[in-house]
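The form predicted on its own is given below as one chain in structure tokens.
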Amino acid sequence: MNAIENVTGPVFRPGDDGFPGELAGYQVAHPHRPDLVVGATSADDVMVAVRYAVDHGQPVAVETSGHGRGEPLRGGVLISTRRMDGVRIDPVARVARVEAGTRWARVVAAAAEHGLTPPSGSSPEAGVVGYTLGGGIGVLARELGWASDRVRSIDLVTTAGPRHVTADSDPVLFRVLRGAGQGLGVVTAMEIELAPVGRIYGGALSVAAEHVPALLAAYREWTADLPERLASSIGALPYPDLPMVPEHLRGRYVAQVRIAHTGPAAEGERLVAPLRAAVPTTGTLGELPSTRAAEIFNEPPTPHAYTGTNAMLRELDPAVLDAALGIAGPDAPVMCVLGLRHLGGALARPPAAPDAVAHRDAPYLLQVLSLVDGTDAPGRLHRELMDAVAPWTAGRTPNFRFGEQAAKDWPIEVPGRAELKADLDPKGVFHA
């Protein structure tokens, strides 16, 4: 039998000092309840933990930042990878090698020292690996494409041992890992291509509740013909009347248009002008270093309980906009954060090495997220919205399915995945 004490990192059991802290993540609604936590510090630690789980017939889950946690682990072995946060930049090859528990903030900072930027998302505290295994729609996604498109190699621990996976070494596994990779093993490192972007033009423009319907209609028209180096999205929500909320947002329903443009500022101003002219806006846009790109979204850093889902849309029919506002807008019975992202551009193009990202031709992504309130009300409302927009829905992306909805929608079945699961994890050890 494999001795778990052979790991270099700490090992925690219920009742140990530090055990509760190892279970903490950004998503607090569905905490893991394992029998054992391995605080991995290396790929060797991960291998010991996996072998221990196999020998003892126990399931394994992996935790980094806990943003996208779905069904929690009950019993078994939780591998905490947050101690594995090394980043190495090759500025000549424009590649970052990141370890399993690395969060995007570290990669953004390290790449910026060389005038480069990664395909990171709207939250700098999200884990690189989980985000990328689900595809990954970043702040500059219309120009950089899916994060999974930019992966060069993956180090994976399976029940049979470690594997270094590339497009040449194992094209089927490399394809499935990039877009539908959760539950096939434990990724211990990735190599990801970076882009020569050091500054952007962007920011957020706020629109008051009475102008949100006009904003959505204008956004539909405005995004019909934009260059791919301009990425944009809308987030709309009721802000609580609390002291920590900026005064101009406090107690109001507000939509914010998030803009990120990699071209000259003058070009960005010209491209945004028609949208500004269509509806009254407040806020400023300007030049920002790439290290501040995530500030455009300004996502809350505090862990909380939430659930959410999404629809990748074949088209942005006016009926979709009416349904979104009517069901999940300011008059919704539960608090909803509505999101609308303009896709297309590089997101629609196939990568050099095929991956498992589906519905690339979807031009828009509709998102809905709510705080968990102890009832099924948020889930019912989300399902009502998804049913209403079903005629225009191509599918869903795993990156924006949270909490109970993520568990219900998993697994994602893509060609070859079931066979890989049977081969790499015949005993069903890995818990997605």
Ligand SMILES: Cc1cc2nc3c(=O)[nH]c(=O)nc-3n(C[C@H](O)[C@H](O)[C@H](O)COP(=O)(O)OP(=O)(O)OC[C@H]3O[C@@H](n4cnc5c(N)ncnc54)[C@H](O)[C@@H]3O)c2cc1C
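When you see a residue number, it is the position in the sequence shown, counting from 1. Since this is a predicted model, take the numbers as computed values, not measurements.
Omitted from view is the form predicted in complex with the named molecule, to which the following refers.
Comment: 119 to 127 is the region of 119 to 127, 210 to 218, 277 to 285, 87 to 95 lying near the named molecule in the model of the complex, near meaning a non-hydrogen atom within 4.5 Å.
This chain lacks the partner; the member of Leu366, Ala49, Val62, Val37 within 4.5 angstroms of the named molecule in the model of the complex by a non-hydrogen atom is Val62. A single residue from the set Glu267, Asp361, Glu315, Glu299 has any heavy atom within 4.5 angstroms of the named molecule in the model of the complex; that residue is Glu299.
Thr81 belongs to the set of residues with a heavy atom inside 4.5 Å of the named molecule in the model of the complex. With a 4.5 Å cutoff on heavy atoms, Val187 counts as touching the named molecule in the model of the complex. The named molecule in the model of the complex comes within 4.5 Å of no heavy atom belonging to His30.
Contact annotation: Tyr306 falls within 4.5 Å of the named molecule in the model of the complex, judged by heavy atom distances. With contact defined as any non-hydrogen atom lying within 4.5 angstroms of the named molecule in the model of the complex, Ala100 is the only contacting residue in 97 to 114.
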